[in-house]
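Just one chain is shown here, as structure tokens, and it is the form predicted on its own.
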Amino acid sequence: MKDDPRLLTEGEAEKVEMASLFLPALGRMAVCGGTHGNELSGVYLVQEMERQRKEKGDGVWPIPVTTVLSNPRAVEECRRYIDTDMNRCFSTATLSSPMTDSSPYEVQHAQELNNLLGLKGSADAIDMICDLHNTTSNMGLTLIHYSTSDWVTMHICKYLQTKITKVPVRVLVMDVPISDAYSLESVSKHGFSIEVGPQPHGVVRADIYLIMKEAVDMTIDWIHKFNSGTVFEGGDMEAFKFIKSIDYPRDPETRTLTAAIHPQLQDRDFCLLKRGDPLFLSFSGETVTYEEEGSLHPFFINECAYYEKGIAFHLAKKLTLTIPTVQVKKD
């Protein structure tokens, strides 16, 4: 028996070391708000962080943090975008497309942000981007990223699930090749979108702002602890994987909506849909039900900004993911 139960024998220590994945320290992080100019929690959080830096200096956070107001023209006009959705402009193909005088403002600015924070896919890319978003859907705090094998991002998500208790914290994985990933956080080596709602666009709610701020603070806290040598134990965590999008029922000729989200589905993001559950209520009073074979989970239900995209909600499959123990690689 060991004199101190906290001490490991040499053999036990070797097993722990073998089980741990040693990963490089995260030297630089960016917090980006206003990618959509009318999603105001991120706008005001970035402005508050910039105020804190001006007042207290760069040492206000325990790690180097760059703050970015991602779409300043859209923020100034309190619009989602000026010419096109900026959060669809960060695929490798779009970032490498030639620019002309007629190129959309957001495509031009996306390439500028790539030069500032990337280049995407390169060794010089910033280590972590947290891109801040609001949704009109009742999604609580949802962390969205692109890979189930990015152990840094997965561990940060697991940490936030453990630490934040005021609202449900869900992890959503898009699981597409990083070259095809079209949102801002895909420029960094690691990263995710922080999506908090419900909040109307063009409005800031204190409760939603505070949830977003806590998520950013906890992310900075995790990175500082990781860089300082804390071992983060692996294990199982819950996540959702995007499957497909569902449009509203429409008139086949005019393409106008013929139904709205059913009252029994509204505000129930991430519930489990079963065959026969109501999805839509037509304007003439008829119910459209869920008739898929598999049971899936809807999210971004009735998101205001998705009407133009032909999306009533997305569907996801719930997963249990196993992640390894991680610690920083020593120089």
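Sequential numbering from 1, following the sequence displayed. Nothing here was measured: the structure is a model prediction, and the numbers come from that model.
Although not depicted, the form predicted in complex with a further copy of the same chain is the subject of the following passage.
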Taking a further copy of the same chain in the predicted complex, would M174, F270 and L273 all count as contacting it (heavy atom within 4.5 Å)? no
If contact means a heavy atom within 4.5 Å, which one of 41-49, 291-299, 58-66, 28-36 is the stretch that engages a further copy of the same chain in the predicted complex? 41-49
Contact label in the predicted complex: T256 to a further copy of the same chain, heavy atom within 4.5 Å: yes
In the predicted complex, does L117 have a heavy atom within 4.5 Å of a further copy of the same chain? no
Whether I82 contacts a further copy of the same chain in the predicted complex should be assessed with a 4.5 Å heavy atom distance threshold; does it? no
State yes or no: in the predicted complex, is some non-hydrogen atom of P104 no more than 4.5 angstroms from a non-hydrogen atom of a further copy of the same chain? no
So a further copy of the same chain isn't shown here. In the predicted complex, which residue out of P168, G202, G121, G234 has a non-hydrogen atom within 4.5 Å of it? G202
Mind listing which residues of 129-143 have a heavy atom within 4.5 Å of a further copy of the same chain in the predicted complex? T136
